[in-house]
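Next comes just one chain, in structure tokens: the form predicted on its own.
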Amino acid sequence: MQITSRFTIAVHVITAIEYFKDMDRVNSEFLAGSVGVNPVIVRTVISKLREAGILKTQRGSSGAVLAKPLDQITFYDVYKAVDSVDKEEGLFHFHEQPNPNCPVGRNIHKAMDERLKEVQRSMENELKKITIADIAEDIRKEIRLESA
């Protein structure tokens, strides 16, 4: 199973909100143009980020703002906020019906389940080490290189 594109869209949206913070009208339409998706998708992602305390929005005003500094928002925060993987299933989708009459089929879950959970835990621990500030800084470096 793949992590949904909501994760990368959310990172893009957060980074763009910070980068364009001094502009008027950084709304879902503007952000959708940057991301290259429908504004409805951006609004859904913004709603999830707001519920997670990553963004703030106000009724009647256009746009969202960061609820905390970029260096306090990790990839893990975003990953959890936008439901990047199915909560029940986890990162890996196991085939539904291994054959109980086959010695491999009968034991495959016992052999793999804990290992797959550990792989997911390891990945999630790595996500906790990367902040959106890291991404924003890399983008600023690339923009400076483009200007040179």
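Numbers follow the displayed sequence, beginning with 1. The shown structure was predicted, so the numbers you read here are calculated from the model rather than taken from an experiment. Note that the rigid core is defined as the largest set of C-alphas that superpose within 1.5 Å between two forms.
The next section is about a form of this same protein that is not shown, the form predicted together with another copy of the chain.
Using a 4.5 Å cutoff between non-hydrogen atoms, residue 70 does not count as a contact of another copy of the chain in the predicted bound form.
Taking the partner from elsewhere, residue 53 is found to have every heavy atom lying beyond 4.5 Å of another copy of the chain in the predicted bound form. With a 4.5 Å cutoff on heavy atoms, residue 24 does not count as touching another copy of the chain in the predicted bound form; it lies far away. Residue 66 falls outside the set of residues with a heavy atom inside 4.5 Å of another copy of the chain in the predicted bound form.
The partner is not shown here, but in the predicted bound form the stretch 116 to 148 reaches within 4.5 angstroms of another copy of the chain through a heavy atom at 116, 118, 119, 122, 123, 126, 127, 130, 134, 135, 138, 139, 142, 143, 146.
With the core held fixed between the shown form and the other one, residue 99 has its Cα displaced by at least 2 Å.
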